[in-house]
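So this first bit is one chain, no partners, the form predicted on its own, shown in structure tokens.
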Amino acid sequence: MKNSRLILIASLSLAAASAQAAKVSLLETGSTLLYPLFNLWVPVYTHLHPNVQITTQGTGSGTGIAEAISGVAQIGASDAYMSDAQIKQNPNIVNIPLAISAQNINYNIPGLNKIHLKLNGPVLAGIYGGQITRWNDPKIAKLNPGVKLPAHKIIPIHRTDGSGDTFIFSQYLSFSTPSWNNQVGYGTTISWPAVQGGLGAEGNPGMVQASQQNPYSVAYIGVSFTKQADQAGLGTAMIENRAGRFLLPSATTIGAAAAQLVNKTPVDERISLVFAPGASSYPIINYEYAIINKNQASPAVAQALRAFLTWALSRQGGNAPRFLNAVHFIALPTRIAQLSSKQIAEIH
């Protein structure tokens, strides 16, 4: 009997040790636009899978890409896809869309924050380039007939960290305004023109705070921070699309833009969705990427990654409306989800 007890105790100890060893820790870091969605996903997923621990960090897309490449993070969250040069240097890294998001252009103009001013690429390029310096500039007034615009100086706010929001905003400026493309271009970090009174801020939370604290400012802020921007009393602009229509981001206008480029999305899924054709297309949208090294440290980590990302793509899991609606994202179209699933299957 004594031996039986000893065997039972030993078996239970081995089982406990095995269960402890089976626990897997994953680090997600990067995009502050994706950060609110991961913070909705992770508690639900880890409750269903208690052997998996997922830590989330909002550090900016540039950091997300860098730390996925270095191996510090298992999931690099990014609003930007990696460049051809980055992929050539890091052929084991894949860019996996998880959802579709968009960007607001917000402003803080006393007395005008409750209306939707109309802005376009050339005007925003002029503001961020230093050629348009006051809110009553004729180029802004022409887009907003009947609106009494103040003569106050404009305070343009940009991101100081490596940012996917900067990537898609500067793409919109580049694709809509040839002079911006020729002189500045786009990227997660760019050399911003020196503008008197312009400000820098870190992350989407920093952009909201800087906008709130600086009347007459303008900023680009990810749609997952719409609630915070509204609570800060900021205005939201209607943005001109390629067809010449001024639109706000919504499930309809984001979906219309994405639909234009679904069939043009390559198998590695690195493509810009900015300034898509179509009368109903909101012009600043993007795939939200998980940047992943296909070669993980262990089979257990690889399996945990595949399982979590597969759940994230599922309409019954992370792409369910209860998650995406909360951050103003939309689900991936079927073809894109299938492409993402194929890339997930390559993780080992």
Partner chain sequence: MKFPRVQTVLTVIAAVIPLALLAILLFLGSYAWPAIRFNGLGFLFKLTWNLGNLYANPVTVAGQVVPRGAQYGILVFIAGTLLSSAIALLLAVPLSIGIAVFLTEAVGGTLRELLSFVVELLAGVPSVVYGLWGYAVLIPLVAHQIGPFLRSALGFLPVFAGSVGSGYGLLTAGLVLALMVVPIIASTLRDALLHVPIPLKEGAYALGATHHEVVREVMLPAVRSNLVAASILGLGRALGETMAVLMVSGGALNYLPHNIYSPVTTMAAFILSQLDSALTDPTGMAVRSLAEIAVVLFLISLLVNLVARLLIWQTERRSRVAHG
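Keep in mind it's a predicted model, so treat the numbers as computed, not measured. The term rigid core refers to the maximal set of C-alpha atoms that superpose within 1.5 Å between the two forms. Numbering follows the first chain given and starts at 1.
Only in words, not in the display: the form predicted in complex with the partner chain, which the text now covers.
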**OP:** Note which of N92, Q213, T252, N136 lies within 4.5 Å of the partner chain in the model of the complex, where distance is taken over heavy atoms; exactly one does.
**Re:** Q213
**OP:** Consider the chain as shown here, without its partner, and state which of L199, A232, I109, A256 has a heavy atom within 4.5 Å of the partner chain in the model of the complex.
**Re:** L199
Subject >> One stretch from 234 to 242, 117 to 125, 144 to 152, 204 to 212 that, in the model of the complex, holds residues within 4.5 Å of the partner chain by heavy atom >> reply: 204 to 212
Original post:
Does I190 reach the partner chain in the model of the complex, with heavy atoms at most 4.5 Å apart?
Top reply: yes
Original post:
Does any heavy atom of G60 come within 4.5 Å of a heavy atom of the partner chain in the model of the complex?
Top reply: yes
**OP:** Would you please decide whether A302 lies within 4.5 angstroms of the partner chain in the model of the complex, comparing each non-hydrogen atom pair?
**Re:** no
Original post:
Is F167 one of the residues lying within 4.5 Å of the partner chain in the model of the complex, judged by heavy atom distances?
Top reply: yes
Original post:
Any CA movement of 2 Å or more for G222 between this form and the one not shown, core superposed?
Top reply: no
Original post:
Is V72 one of the residues whose Cα moves 2 Å or more between this form and the one not shown, with the core superposed?
Top reply: yes
Subject >> Rigid core superposed: N286 CA moves 2 Å or more between this form and the one not shown >> reply: no
